[in-house]
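Okay, so here's just one chain, in C-alpha cells, the form predicted alone.
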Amino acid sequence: MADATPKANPETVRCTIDGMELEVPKGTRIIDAAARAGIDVPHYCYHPGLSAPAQCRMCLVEVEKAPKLQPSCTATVADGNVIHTQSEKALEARKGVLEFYLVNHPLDCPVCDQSGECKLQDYTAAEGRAMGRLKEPKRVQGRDDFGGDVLFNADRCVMCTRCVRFMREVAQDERLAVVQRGHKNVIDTFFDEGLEGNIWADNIVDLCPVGALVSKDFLHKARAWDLDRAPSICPNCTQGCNVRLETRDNAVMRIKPRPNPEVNAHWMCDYGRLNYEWINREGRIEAPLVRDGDRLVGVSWADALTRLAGALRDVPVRDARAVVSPFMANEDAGALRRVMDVVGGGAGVYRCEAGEEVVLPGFPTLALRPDRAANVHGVELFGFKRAGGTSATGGLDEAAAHRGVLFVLGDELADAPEGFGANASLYVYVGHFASPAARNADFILPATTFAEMEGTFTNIQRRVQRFWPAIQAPGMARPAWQILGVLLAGISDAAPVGTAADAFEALASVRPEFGGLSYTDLAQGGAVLPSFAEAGD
C-alpha cells in the first residue's frame, strides 16, 4: 500500500505501481507514472505528443477499488492509488485485445519494414496467445500510395489513429481521416492529393506502431536489427533538430527524430529527414596532399603538418582570408579562427543555400529554417560573414584575389575556377572533395564530415548541441579541429587538443560565452549560450 503519511508537497500525489511507491505531479497519467518507474504499459494509440483517445484498449490496467479496468493513457493517478499493470485481469484483457487485432492483421513479418520494431509483434510475443484460433480467411485490403514519401498497408493497420491526429493536431493540415464504420473502417486521404506537399508528413511513419505506414525511401532497404544508431543533430537547416543517424555498412540508411522539448519536440521535417545521401557520397579526399611543382604528392600527417607549419612561419604576407562551410562544427570554425589570429588575422566568409521557412503549426518552435545548413550561427559567432547567393554560389572574388594566406574549410568550391587561389602566397584547403579549385591548393588536408566525428553545432536559438560519430571516416581523414589544433601548436605556444572536449574548451579563447557551458552537460539536450539566454533571445 502507498504511504498514508501527509505529503510535503500538495502538488503531488503518491501511488503504488506493481509494488513500487512513487510520488508524481498531480494530473500525471498512469501510463506516464509507470514509465517513471521503468514499467512499459503496452499501448498503440497513446503518444506523448498527441491527444489520448483511449481507443486501442491495450493499456488497460487494474486499479484497486475501481469497478473495472482503467485505460492508463487517460486515467490520472489519484492519491493512494494501488495500480497493477501485470495482474491476471489486466493481462487477460490485453490478451483478448491482441487476439482481435490479429483476426485480420497479416503475418507479414518476414517482408514488413516494421519487423523488429513493431509493437504488435512485441506485445503478441510478450503477452498474446501462443496460437491463434481464427480459421476463416483474413480480410485483404491492399496497399495505397498516400503521396509524398508514405505508403499505406491497410491490412496491417490497427486503427490507433495516431496518423490522423498528427495531421489534425500538429501539422494542422487535415489530409487523413477514418472512413467507413465498424470492422470496415480504414484510414484514407481526401481525393487524389494525399500527403503530397506537406513537409511534415513523414512523422506519421514514425508514429505508426505497426507496419501500416512505411517510408518509400526506406522500403526494403534494411532490417531494424541490422542498423546501428548514433545520436546526432540534423545538418540540413539552422533549426538543429535532435536526430538519430541509423547506419549500415558504414552508410546512413535513414534519419529519425530524437525528442527534445526545447527544439523539435518529437518531430522533424521531411527535407531534413530525406536529405542524407550527400553524407554517403563517394570520392572523398583520403590522404594529405602537398604541392611539389605541378604535382600533388601524398604524404603522412606528420610530414604535411610539419611542412605547413614551416610554410606559415615563413610566409611573407601576415594576413589571412578564409572561406568556411556552415556545415562544419563550432570546434572546426573556432580552431580556424585561432590559426588565422596567429597568422596575422583577417576576414572570412561562408556561403549557404537559402529557401522558404515552413513552420510546424502545432509546435511553432520548430520550422524548416531559411538557411539550409546547421551551423550558420556558429560560424557567424567566430566572425565569418555571409557571402554569395541563395544557391550557395558566388561571393568569392575577394578570397580569390587575396595575396596573403588563404584557407578554405569544408566549402567544396564547386563553382570556383581551376585557378582559384593562384594569387595567394599560401593556399590551404581542409575539406572533403578535391574539386578543380581545391586541387590548386598548396596543401590539401582531408577532413571528416559531422557524421564521422564528435562536436557541436549552434542553432538558431544559439543553443549549442552535441553530435556523435555514426560512421567511420575514409582513409586518413581527421576532424578539422584536430588538424588545425595540431597546426596551431606547431606555429604558436598553444597547447595541443587531444579530444573534442579539449577543442570545445578552446572555443572560449575566441568567444568567452562558450566558457559558460559544460561540454559534458551539453549531452542532455544542449544549452543556450549564456549571453543569449540572459537576453531571452
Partner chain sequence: MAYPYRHPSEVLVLSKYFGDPEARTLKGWEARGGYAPLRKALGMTPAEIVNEVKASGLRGRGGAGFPTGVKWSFMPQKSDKPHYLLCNADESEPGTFKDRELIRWTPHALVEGCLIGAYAIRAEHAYIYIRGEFFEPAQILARAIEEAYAAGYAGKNVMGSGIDLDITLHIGAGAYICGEETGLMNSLEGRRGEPRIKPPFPAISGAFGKPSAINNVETLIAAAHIVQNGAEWYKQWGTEKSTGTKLFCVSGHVKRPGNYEVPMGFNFREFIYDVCGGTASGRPIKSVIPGGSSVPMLTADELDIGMDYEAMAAAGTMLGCGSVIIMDDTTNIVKQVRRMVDFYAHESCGQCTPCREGTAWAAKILRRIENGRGTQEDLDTLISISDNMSGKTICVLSDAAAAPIVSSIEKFRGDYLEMMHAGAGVPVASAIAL
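Keep in mind that this is a model prediction, so the values were computed, not measured. Numbering follows the first chain given and starts at 1.
Omitted from view is the form predicted in complex with its partner chain, to which the following refers.
Interface membership of E136, defined by any non-hydrogen atom within 4.5 Å of its partner chain in the predicted bound form, is confirmed.
Residue contact with its partner chain in the predicted bound form: P474 places no heavy atom within 4.5 Å of it.
The closest non-hydrogen atom of Q180 lies within 4.5 Å of its partner chain in the predicted bound form.
A residue is said to contact a partner when one of its heavy atoms sits within 4.5 Å of a partner heavy atom; P48 fails this definition for its partner chain in the predicted bound form, lying far away. Contact with its partner chain in the predicted bound form, judged as any non-hydrogen atom within 4.5 angstroms, is confined among 305 to 313, 234 to 242, 110 to 118, 96 to 104 to 96 to 104. This chain is drawn without its partner chain; in the predicted bound form, the residue among L69, A500, A33, A506 with a heavy atom within 4.5 Å of it is L69.
Taking Q86, N185, N423, T393 one by one, only a single residue has any non-hydrogen atom within 4.5 Å of its partner chain in the predicted bound form, and it is N185. Along 431 to 447, not one residue places a heavy atom within 4.5 Å of its partner chain in the predicted bound form.
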